[in-house]
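Just one chain is shown here, as structure tokens, and it is the form predicted alone.
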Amino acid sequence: MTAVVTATHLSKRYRHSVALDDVSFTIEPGRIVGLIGPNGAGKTTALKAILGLTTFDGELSVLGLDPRRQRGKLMEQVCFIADVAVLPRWIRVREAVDFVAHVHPRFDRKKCEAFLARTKLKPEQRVKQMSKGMIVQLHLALVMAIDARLLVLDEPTLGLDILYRKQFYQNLLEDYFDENKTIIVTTHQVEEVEHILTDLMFIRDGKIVLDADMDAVGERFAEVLVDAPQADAARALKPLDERTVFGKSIFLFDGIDHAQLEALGEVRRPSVSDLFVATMKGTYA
């Protein structure tokens, strides 16, 4: 099956900084990929390149198309939700639905209206009368009613309360995602998307420092809860990270056989957020 995104030696330089530094990666269809990194790491630049919103060096194929030269055709099969859902404040719900129905050939009005029926949004309600959570619901209804092959989410739930955030991802899985669609999501709230991800990409200083599916992440990385007498033995194995919680040392290892680690203490799978912190150590210094 043809890859949804293939990037080869992708680079983007601004006058005083490097946003993407010779990056290569592949995203297969039917995956939910978390692109995670600190501010300024290159996440948004990578998404802009995929969406054809910026120039770049190297080669990039998205759904078999070159986003630099074939953006119009590409946008028929791609949807995008940014951290700020940009909708005119004067527009009414029914007007937004009418607009998308007229401009996008793959829009399903009945699907959109069915989604809106499960919200508190009313057809005559204007955007300026909505909370941020309601605006995101409207934006999501419009996007999920488009039969797109690729959905790009850039901090889609930023500023929303926990109920809206949970509802957002639940709706995404139940009403949108299937094996024919691919989702790329960036977020700083990694603990909230961890359970839906099939693949994980960490980006730091314009470089991909981790690119693996979630099963491989679980096999490669391990946390061990170690009592004080075993701490020196754990340090001898050169852990990726060490932290202390309630007087116990927790070590994070990369590529060490789990059977060997079991002799040191309780072995468990690290959370994506703990793995991220360990991998990015020094980035915020």
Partner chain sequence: MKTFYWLVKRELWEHRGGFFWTPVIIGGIFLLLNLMGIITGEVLGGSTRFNIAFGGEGNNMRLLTRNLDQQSMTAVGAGLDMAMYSPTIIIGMVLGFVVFFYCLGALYDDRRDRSLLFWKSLPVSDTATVLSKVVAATVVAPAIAVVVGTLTGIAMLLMFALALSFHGVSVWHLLTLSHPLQVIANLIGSIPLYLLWALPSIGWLMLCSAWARSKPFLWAVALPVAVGIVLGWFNLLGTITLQNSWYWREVLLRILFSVFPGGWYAKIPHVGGNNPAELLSSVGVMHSYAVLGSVNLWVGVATAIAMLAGAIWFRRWRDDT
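Just so it is clear, the model here is predicted, and its values are computed rather than measured. Numbering follows the first chain given and starts at 1.
The discussion below concerns the form predicted in complex with its partner chain, not included here.
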Point to revise | Options 233-241, 256-264, 23-31, 47-55; stretch whose heavy atom lies within 4.5 Å of its partner chain in the model of the complex | key: 47-55
Check your understanding: When you measure heavy atoms, are L87, D98 and V103 every one within 4.5 angstroms of its partner chain in the model of the complex?
Key -> yes
Review point. Exactly one of V190, A212, A82, M130 has a non-hydrogen atom within 4.5 Å of its partner chain in the model of the complex; which residue is it?
Key: A82
Practice item. With its partner chain left out of view, choose which of H139, K207, K111, K181 has a non-hydrogen atom within 4.5 angstroms of it in the model of the complex. Key: H139
Review point. With a 4.5 Å heavy atom cut-off, would you call R71 a contact of its partner chain in the model of the complex?
Key: yes
Exercise for review: Check whether V78 has any heavy atom within 4.5 Å of a heavy atom of its partner chain in the model of the complex, and answer yes or no.
Suggested key: yes
Review point. Looking in the model of the complex, any heavy atom of R165 within 4.5 Å of its partner chain?
Key: no
Practice item. Could you confirm whether R126 comes within 4.5 Å of its partner chain in the model of the complex, counting heavy atoms only? Key: yes
**Study point:** Residues in 209-248 close to its partner chain in the model of the complex, defined by a heavy atom within 4.5 Å, in order
**Key:** none
